[in-house]
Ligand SMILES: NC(=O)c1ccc[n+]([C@@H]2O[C@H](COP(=O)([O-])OP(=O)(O)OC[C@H]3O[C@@H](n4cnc5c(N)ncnc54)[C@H](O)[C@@H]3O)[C@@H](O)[C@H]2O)c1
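Consider the single chain below, provided in structure tokens and representing the form predicted on its own.
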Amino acid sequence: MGINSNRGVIYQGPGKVEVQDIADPTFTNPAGKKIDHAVILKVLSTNICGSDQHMVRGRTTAPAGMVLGHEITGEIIEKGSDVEMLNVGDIVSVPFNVACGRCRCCRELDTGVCLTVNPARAGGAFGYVDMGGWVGGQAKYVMVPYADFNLLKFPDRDQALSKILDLTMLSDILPTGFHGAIKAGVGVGSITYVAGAGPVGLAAAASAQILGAAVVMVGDFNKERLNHAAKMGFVPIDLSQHDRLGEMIAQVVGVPEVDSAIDAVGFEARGHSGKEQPAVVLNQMMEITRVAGNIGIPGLYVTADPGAQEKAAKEGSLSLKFGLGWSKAQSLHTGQTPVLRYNRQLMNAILHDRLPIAKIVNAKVIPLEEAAQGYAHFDAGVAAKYVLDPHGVIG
């Protein structure tokens, strides 16, 4: 069951990705040190994420030559001598966070900001800029460190394969959307607004719904994505129709405010004029969220954006109306999602048919070799979540 030639999606520079031959994974970390706590996976599914698109658009400091991909589901084909809880043949979900399981943050399940896996800053991830140099998983094979701590084993192989399109969302977007909803304080009867009808926004909306929200509104400019959101049972808010979000919310619920707001857009946000306004969503969230309400921010914000139109935004500085949020005693929660905090319970919701997330985000399977086309379609705003199938086992 060994490796038979590895291929991966390589970031070549702004606007360009290619599938190329890449090195076979080995039991070594990015510093070249041999590690025994890792496994090597045959990648069964790996998804294109909106966060990947930020890099491919040239909106980060990502270097050319990176193997992309942080959403990984796979089968263990080799394991290190220090792996005790997993076996060859197990099918597992890989949290996008690389986490050691040993530092203070990991021990408190803040795995999005592990203190040891990235020399540059807190937090590591596969195939992502400034996240520790871990090789990405948009490939046929990949190495995963700290396997006993990080990997979520599916209880039944046949069941896992039958639900692989749903389970592949456990590596990132479903826990990320759920984390946004949890941090926004969504509960039974909540009036909730989600900014962004892309895959993470839809995952957040689905999470709000399963948490008991009474109304889930989803705002976007993309009509195709809004139409899909409506088909999934969410209330679409067409931002192209009006520049006063509160008034559009009032048309739905009678008042211009919500209990919980979720920013699933991030730093490439655009205002009603069509121009980039990186803080526009955050400012809208503070305007529409009730006094003492909560705002969850799973959307990505970066410390450096070389493609920004505003000088301050190039250095990660945004023009926030923070005084508004302060005066309303609102709580804002940011940061990488700690996937391990949520993925087991979300797995159970999927396995017991409570959360058809693949349908909700409109999952579309394409071969690994067609990754460049998938990136192009996704960047054009197609209402779909692209799942790469490196070995032809999905569809």
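Each residue number is its position in the shown sequence, starting from 1. This is a predicted model, so every value here is computed, not measured.
If you look for the form predicted together with the ligand, you will not find it shown, but the lines that follow are about it.
Among residues of the shown chain, residue 198 is one whose heavy atoms approach the ligand to within 4.5 Å in the predicted complex.
Interface residue remark: residue 335 is counted as part of the site for the ligand in the predicted complex, having a heavy atom within 4.5 Å. For residue 96, a non-hydrogen atom is located within 4.5 Å of the ligand in the predicted complex, even though that partner is not displayed. Though the partner is left out of this view, residue 207 does not reach within 4.5 Å of the ligand in the predicted complex, counting heavy atoms only. At a distance of at most 4.5 angstroms from the ligand in the predicted complex, none of the three residues 37, 83 and 117 contributes a non-hydrogen atom. The stretch from 147-155, 306-314, 218-226, 133-141 that comes within 4.5 Å of the ligand in the predicted complex, counting heavy atoms only, is 218-226.
Out of the listed residues 164, 100, 239, 105, 239 is the one that sits within 4.5 Å of the ligand in the predicted complex by at least one heavy atom. Shown without its partner, this chain lists 56, 360, 49, 346 as candidates; in the predicted complex, only 49 has a non-hydrogen atom within 4.5 angstroms of the ligand. In the predicted complex, the ligand lies beyond 4.5 angstroms of every heavy atom of every residue of 151-167.
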